[in-house]
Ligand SMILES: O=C(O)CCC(=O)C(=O)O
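Quick heads-up: it's one chain on its own, the form predicted on its own, in structure tokens.
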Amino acid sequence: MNKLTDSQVQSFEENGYLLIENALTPDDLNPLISEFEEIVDEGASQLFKDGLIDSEFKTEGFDTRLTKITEQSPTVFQQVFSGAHTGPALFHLLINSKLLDIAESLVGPEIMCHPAYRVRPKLPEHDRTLVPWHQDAGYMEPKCDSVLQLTIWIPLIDATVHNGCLEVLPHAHRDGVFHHRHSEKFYLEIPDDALPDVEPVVVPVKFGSILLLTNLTPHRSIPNVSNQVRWSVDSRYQDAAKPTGYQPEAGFLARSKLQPNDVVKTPEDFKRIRDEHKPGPGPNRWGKNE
């Protein structure tokens, strides 16, 4: 078991975030990178065949190819962005024992993989992937405000100040849910006049390291001013006995001593569960569907 130390738990509870260096290895992450590379390759091939892009951009790398394609067609980007992807490598990362051990340190041994996992290929100078100040709790039902819904943020390349790493407001998770409004660019946001008077902390995260956040921690992604795609995954975990507060998407039981037969063990079952509850508009506390 790779549980957090007492000092790490204390730091997380005090600050609302925790950076863990070298939590994962290339063997943990490379299968998912390969899965995304295959999707991008197949998508580019089809778009080129259909005459929708003028090149397959085969000489571009994992951190640049999607940008070139998306400049001419959004199709491939839309295949992987948000909660639409249900590939086996993603499933195996979500249930990686290293991540579940860390989650167990904070949410207990009965672990639900929260429905709102997300894949985030953050493109350079791209409005759709510029996420403003918010709390994840802002997207959930109010009954979940007291439930720890742990985000484990996992970059698939080094996340830097140039390609759009995260910025957090430490300690502010102690003050509950701040007012959010619907921004003009796809997301909920905390207006400037509702933000707490806290000095932001920019948190670069190297490949293999992970960032833990509470659902009450205000955070945002800073602009990507590089030529790279900053690929990352948001995995989320909580006590399986408590409500997820997020509809219509479905989570799944990832670890359990009380109900071991209900734990989802195969990529096929994961895909079936997600396909039965497609990502889409759901209610939120701010009076409008997202």
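Just so it is clear, the structure is predicted and the values come from calculations on it, not from any experiment. Counting begins at 1, following the sequence as shown.
Here the subject shifts to the form predicted together with the ligand, a form of this protein not shown in this document.
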- Task: Counting non-hydrogen atoms within 4.5 angstroms of the ligand in the predicted complex, say which of 70, 228, 244, 221 makes the cut.
- Result: 221
- Note: exactly one of 96, 151, 209, 105 sits with a heavy atom within 4.5 Å of the ligand in the predicted complex, namely 151
- Task: From the candidate stretches 173 to 181, 122 to 130, 107 to 115, 190 to 198, select the single one in contact with the ligand in the predicted complex, where contact means a heavy atom within 4.5 Å.
- Result: 122 to 130
- Item | Contact flag, residue 234 vs the ligand in the predicted complex, heavy atom cut 4.5 Å | yes
- Query: Hey, in the predicted complex, does residue 90 get a heavy atom within 4.5 angstroms of the ligand?
  - Reply: no
- Message: Although the partner isn't part of this model, could you tell me whether residue 85 comes within 4.5 Å of the ligand in the predicted complex, counting any heavy atom of the residue?
- Response: no
- Query: Is residue 156 close enough to touch the ligand in the predicted complex, meaning at least one heavy atom pair within 4.5 Å?
  - Reply: no
- Query: Taking heavy atoms and a 4.5 Å limit, what residues of 159 to 174 are near the ligand in the predicted complex?
  - Reply: 166
